[in-house]
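Quick heads-up: it's one chain on its own, the form predicted on its own, in structure tokens.
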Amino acid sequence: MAPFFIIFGVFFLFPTLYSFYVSLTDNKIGREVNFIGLQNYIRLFTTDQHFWPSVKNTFIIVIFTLPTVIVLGILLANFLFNEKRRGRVFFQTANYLPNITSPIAIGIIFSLMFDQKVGIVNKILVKLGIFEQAINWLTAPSYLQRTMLVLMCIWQSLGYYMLMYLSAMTAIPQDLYEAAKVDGANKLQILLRITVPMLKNTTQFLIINSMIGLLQMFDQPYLLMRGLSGSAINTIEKPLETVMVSFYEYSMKTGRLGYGATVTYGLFIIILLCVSITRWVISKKEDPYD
């Protein structure tokens, strides 16, 4: 077991402990490093003008993305679970491809789709009369910017949820479905009373892991924000700025490595609290099959 512990210590444990030490300093590229204790954390949680807005943005995106992909994933998996469904393999492949597509490619695709001049989304909305004229989604009201990001996350990750639920459905005893059909249950009743409860463990796994992943979101919002002008980037109100984008701004652009490390540990505390609360809520619910 020595090789595992050596690799774990060198590439995970040591960087983790060292980054925590860095968060307790005023480490900035090109300057002398001084130990300042918890001053970075006090500033982060009390006076930082960007951290809590970025936390708010991240939670809004999680709240709208996670339930949507869970529900759509179950519905899509239930629709494609039937082996006699025509085009079943094609739809499974088509829905899963975005999940393995490069985030850069996805960012470019959505930037073009929502572009003010050539974007197909603007053209459709103007033609339907919803918008009077094409808009710049990156400088639009906050809810429109977040809508664009949520749609991007749903499109990219839906295939993963579909695949996980399809795999879980294969373990559900078919006798339950046959008995339900004999008793006269319709498709909706079978879905809500048999399929969804039997997928509880998979749903719990997806909720917790997806929450961790979404709270650490960086690629999608950063790729979209690259289309902003310099004046827009410098404004405090940035609906697409997540916690990890805020970390990038502090550590990579300004060279404030100490404060950047503090942001990541602040996010770690938030993730720990969210996962703990989620697990507590899930454990309190009674299993209908116990």
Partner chain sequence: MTNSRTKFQKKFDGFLSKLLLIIITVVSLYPFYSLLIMSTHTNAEVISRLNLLPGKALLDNIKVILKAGFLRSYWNSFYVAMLSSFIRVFVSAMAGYALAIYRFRGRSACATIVLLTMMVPFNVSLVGFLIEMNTFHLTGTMWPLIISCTSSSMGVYLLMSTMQDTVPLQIVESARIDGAGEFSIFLRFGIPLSKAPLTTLFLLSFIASWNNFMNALIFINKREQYTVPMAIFTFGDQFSSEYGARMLALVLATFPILIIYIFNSKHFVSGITAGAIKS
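Positions refer to the first chain, counted from 1. These figures come from a predicted structure and were not determined experimentally.
One more form of this protein, predicted together with the partner chain, exists but is not displayed; see below.
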Revision key, fill the gap. Of 210, 147, 139, 101, the only residue with a heavy atom within 4.5 Å of the partner chain in the predicted complex is 101
Point to revise | Options 131 to 139, 172 to 180, 190 to 198, 212 to 220; stretch whose heavy atom lies within 4.5 Å of the partner chain in the predicted complex | key: 212 to 220
Review point. Might residue 18 be said to contact the partner chain in the predicted complex, defining contact as any heavy atom within 4.5 Å?
Key: yes
Review point. Hey, in the predicted complex, does residue 252 get a heavy atom within 4.5 angstroms of the partner chain?
Key: yes
Practice item. Indicate whether residue 90 is a 4.5 Å heavy atom neighbour of the partner chain in the predicted complex. Key: yes
Review point. Can any non-hydrogen atom of residue 74 be found within 4.5 angstroms of the partner chain in the predicted complex?
Key: no
Review point. Are there residues in 65 to 86 with a heavy atom within 4.5 Å of the partner chain in the predicted complex, and which are they, in order?
Key: 76, 79, 80, 83
